[in-house]
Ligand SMILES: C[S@@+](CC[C@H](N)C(=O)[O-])C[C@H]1O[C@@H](n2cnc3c(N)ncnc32)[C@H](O)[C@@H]1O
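Next up is one chain by itself, shown in structure tokens, the form predicted alone.
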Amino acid sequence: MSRLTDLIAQAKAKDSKLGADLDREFKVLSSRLPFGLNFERHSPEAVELPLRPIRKGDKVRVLPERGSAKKGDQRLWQVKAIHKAKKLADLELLGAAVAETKSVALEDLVVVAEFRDTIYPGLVSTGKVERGGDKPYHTVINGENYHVLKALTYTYRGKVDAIYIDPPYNTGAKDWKYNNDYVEGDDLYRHSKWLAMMERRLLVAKELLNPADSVLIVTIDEKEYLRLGLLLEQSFPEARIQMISAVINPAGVTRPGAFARTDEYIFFVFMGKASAKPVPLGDDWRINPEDKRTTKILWSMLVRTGTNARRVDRPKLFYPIFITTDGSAMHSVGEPPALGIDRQTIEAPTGTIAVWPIRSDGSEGNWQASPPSLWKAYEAGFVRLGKFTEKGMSISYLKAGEQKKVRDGVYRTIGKRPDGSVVVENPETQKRVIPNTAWRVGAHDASRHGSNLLKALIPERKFPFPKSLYAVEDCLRFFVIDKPEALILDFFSGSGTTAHAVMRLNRQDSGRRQCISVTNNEVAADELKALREQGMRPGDADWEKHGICDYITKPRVAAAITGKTLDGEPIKGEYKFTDEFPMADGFEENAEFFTLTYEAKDAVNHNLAYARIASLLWLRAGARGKRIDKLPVDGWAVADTYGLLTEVDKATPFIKAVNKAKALRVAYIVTDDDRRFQAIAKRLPDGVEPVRLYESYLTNFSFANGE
């Protein structure tokens, strides 16, 4: 080890970047567990940014000639100079043993960002749909999801209540890309590339989740569920993790020589005090709908039966229960007499009768609860008294699991009997439960309620394997039913099912939940070659319009809200389950669409990139109401939920305006002088968060990328 560290130090002296890379990889290897999930953390993962202007110092790739179906030169070059008049860039090959340079037309270059690079993100609005009045906006962000997650650390760090993701399943088909190329089924590193891709994103997502109370939900099939389970355990060691099996294709997918596949898996990662809440569920949530016992509260006999049921087996559980002579109440609980002491010698308090655990054959037995536990259960209404007979009295009680169901509202208390025991609402009509881990629910059929539903929303546009709208809705409901203003994130958004499901949940209880949907604008694998042969490249308008975000996600979210197809026709069909109504009614919701941008640090620092930073400030303040899209002429401005002070000399009128605002959350103050910032911050009203620009923004992204 010492020899390796010496060699790394020598490498740093000769080439700081190479030395830093070697040091990082050495630390990863040395920190690996002797058991568990070990995999190659492939580096660098990279993404092409076709919409990003070329700047001096950028890393770029040279694109193939127009009309070619080839991938082009995959090597990375650095831009050393730009000749605007000639529209050329001078390039130098990165990582080459022998220096290589050349000049290339700007239009033949694409900027590349490696995932270890520091980015300074912005957002450009590309449209919106407004039907929700003053409700918060759902947001759809077009961009590489790792970089978008980094951007969201500035707006939502520690604030997200639920993350639902349906990542690429790594089936070997062309369903996901790595480093600008599809990962093929015969790739020897297919699994470790998938794990490396997932780990990077999960670790950033962890920063966004509320550590005190939030949930991560991940769907997966049999190809990667074992590795995903281990990855989640290693990435979230402090969390509780549970996996359920859900039938999504009742017809089954035929596997030659094997069992037809009908289900997939869903991991639930519970952060902090997060827990699944009981919710109203239909009969098809029970494995056997005819088994009515599963929906009724279970009162158990207090006297023990079966093994270890004699007095001598558990003498401390042989004790008298003193019942009032009219049989209406427990007076008290006695102490267990020592073995050999005749129970008949124990005197009952005046006005009571002693009831002992006597078995059906007349022999002495024992109770199922200790004296303190029994009395505590009685006071809570969890003990029910029978009637006196010549053999004594039959006493029943609720075991710990049933008691919890009453406390959690699975069985809702509607009164008490004369003996003080609880009376609960009939679960046959209420059906408010937490289900088991095997879900066979008709509403979760991905074909009927995923593909067919999407076809109704955006006819003629196809998306492979969309989730059932109701399956996503049900997964989220267990965790946000009591959070009407929950913040929900999906960074593998695909067709936009999660945003759609959140709208459904809001309609059911007048909630104001927000969904952030993140997807890139990749074109489908079968279209990519054809588009290249037509002479198109990523970044061209005719290419981008076929991308997932522009072609599927945005139109689907817009259609769901408006209730109209792309042609302006009312959507045919009705929503099913829980809340049934015509799709043409749409939703009273707001949504805005954005594209991620990559800004220059100096431009941000000198107020030159404000127009692209503006949306991030709005998101951080709650994503509702008006947005301050331009630098204010007066040196300050106040919107619905935040204010912006760009000239500290105008602090006094700014503070006055802030005090008048009713729903203001954040005050952004642009200054390099920390003392002036602190002085202004002290004048803000309670409940308004002061944020210093652009120090908070630049520090967030420098820190996030390890600078």
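Residues carry their position along the shown sequence, with the first being 1. Quick caveat, the model's predicted, so the values are computed rather than measured.
Another form, the form predicted in complex with the ligand, is not on view; read the next lines as being about it.
Q: Using a 4.5 Å heavy atom cut-off, which residue among 494, 122, 320, 365 comes into contact with the ligand in the predicted complex?
A: Selected option: 494.
Q: Could you work out which of 597, 519, 506, 155 is the residue within 4.5 angstroms of the ligand in the predicted complex, going by heavy atoms?
A: In short, 519.
Q: Can you say which of 323 to 331, 479 to 487, 231 to 239, 137 to 145 gets within 4.5 Å of the ligand in the predicted complex, counting heavy atoms only?
A: In the other structure, the partner sits against 137 to 145.
Q: Any chance residue 586 has a heavy atom within 4.5 Å of the ligand in the predicted complex?
A: No.
Q: Indicate whether residue 548 is a 4.5 Å heavy atom neighbour of the ligand in the predicted complex.
A: Output for residue 548 is yes: heavy atoms within 4.5 Å of the ligand.
Q: Is there any non-hydrogen atom of residue 448 lying within 4.5 Å of the ligand in the predicted complex?
A: Because no heavy atom of residue 448 falls inside 4.5 Å of the ligand in the predicted complex, the answer is no.
Q: Although the ligand is absent from this view, report whether residue 168 comes within 4.5 Å of it in the predicted complex, heavy atoms only.
A: Flag for residue 168 set to yes.
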